[in-house]
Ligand code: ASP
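Starting off, we have a lone chain in the form predicted alone, written out as structure tokens.
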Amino acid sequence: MTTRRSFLKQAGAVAVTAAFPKQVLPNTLVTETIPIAVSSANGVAAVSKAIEMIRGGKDALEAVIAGVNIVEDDPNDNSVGYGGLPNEDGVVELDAAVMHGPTHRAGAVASLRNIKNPSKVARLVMERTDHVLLVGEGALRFAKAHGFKEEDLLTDSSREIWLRWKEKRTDDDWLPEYDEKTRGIGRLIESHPRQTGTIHCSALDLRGNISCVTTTSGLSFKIPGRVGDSPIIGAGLYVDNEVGSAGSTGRGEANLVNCSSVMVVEFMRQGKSPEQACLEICKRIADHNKMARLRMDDGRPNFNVKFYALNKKGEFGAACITNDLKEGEPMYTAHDGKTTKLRPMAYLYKK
């Protein structure tokens, strides 16, 4: 973790000794800070792009959106954007949200179909409407009004995964390919876990301002119209420019009922480090998880949620409820002012 070199200097004839002072208002000087960014494990390219743009003078929000656009455009990441896994009807529905620290504004879209970059549309909701959230057909019409082109987001790969999911169910008439082992009698019942992947990215720019973005295709094979935490301000992401930023991936419903991301920021306001704040909300989710169908025999949650946070001082961290890997530790992406790399995150439980 790294601490920023400098912070806002007050107006007046104050001697500034930092290497790169910038004039931003009459008689007000601000010194450059070390850029910091944090993201989910699939965000190495996104963080690298965001830091590159911030070093070039761009605002943190513009930088993190450009970063996650790389993942939205990647057909090989089937949890985000183009190639994302569809709902139970085979239709890709995307959610995204952005939050701009300096102005404390936000924008979001949910259940958006046929538009590859929902994070860009979310920013337009923030900038070009008096609203925070647009959904479904209304979000699509808004995107088209601003020149976004409709396209099929279901790739051959994601379609194949969806078909395999349908074919392995036993309560309908969809059948898998004929298999000599079963000779068409019955079905081979296999475990097919639901995917909850997403990408979140938060960054601290040269002016000491913080912004963030989250974008996702949501829970795979969901009921059409299902919306998780990602586009909900305070649940899937949150920024207070004087404190820090937080975002999440994993079971969105758990974040919706715990207002998780805003709580991570509030824990940092109380003085907890980003990692401690992330662990604290993981514990709160576990404590509030009362439904038997969502608990293992020992009472622990049978789902996972991961959090990523940074604060105004340039410290960062991440944590999840459970290390569900057979070997190693769960990872997240961070740029510490020098390099972008995957780093192990803290966790409450070992599976």
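In this text the structure is predicted, and so the values were computed from the model without any measurement. Don't overthink the numbering: it's just position in the shown sequence, from 1.
Although it is not shown, the form predicted together with aspartic acid is what the next lines describe.
Peer 1: From the list Val135, Leu219, Met126, Cys259, which entry has a heavy atom within 4.5 Å of aspartic acid in the predicted complex?
Peer 2: By the 4.5 Å criterion, the partner-contacting residue is Leu219.
Peer 1: Note which of Gly252, Gly107, Gly84, Gly101 lies within 4.5 Å of aspartic acid in the predicted complex, where distance is taken over heavy atoms; exactly one does.
Peer 2: By the 4.5 Å heavy-atom cutoff, the listed residue in contact is Gly252.
Peer 1: Using a 4.5 angstroms cut-off on non-hydrogen atoms, would Gly208 count as touching aspartic acid in the predicted complex?
Peer 2: No.
Peer 1: Can you tell me if Ser119 lies within 4.5 angstroms of aspartic acid in the predicted complex, counting non-hydrogen atoms only?
Peer 2: Ser119: no, not in contact with aspartic acid in the predicted complex.
Peer 1: With a cut-off of 4.5 Å between heavy atoms, is Gly244 one of the residues that contacts aspartic acid in the predicted complex?
Peer 2: No - in the predicted complex, heavy atoms of Gly244 and aspartic acid never come within 4.5 Å of each other.
Peer 1: Please run the contact check for Ser202 against aspartic acid in the predicted complex: heavy atoms, 4.5 angstroms, yes or no?
Peer 2: Taking the distances in the predicted complex, the answer for Ser202 is no, it never comes within 4.5 Å of aspartic acid.
Peer 1: Given a 4.5 Å cut-off on heavy atoms, tell me which of 158 to 166, 141 to 149, 225 to 233, 271 to 279 is the interface stretch with aspartic acid in the predicted complex.
Peer 2: After filtering at 4.5 Å, what remains is 225 to 233.
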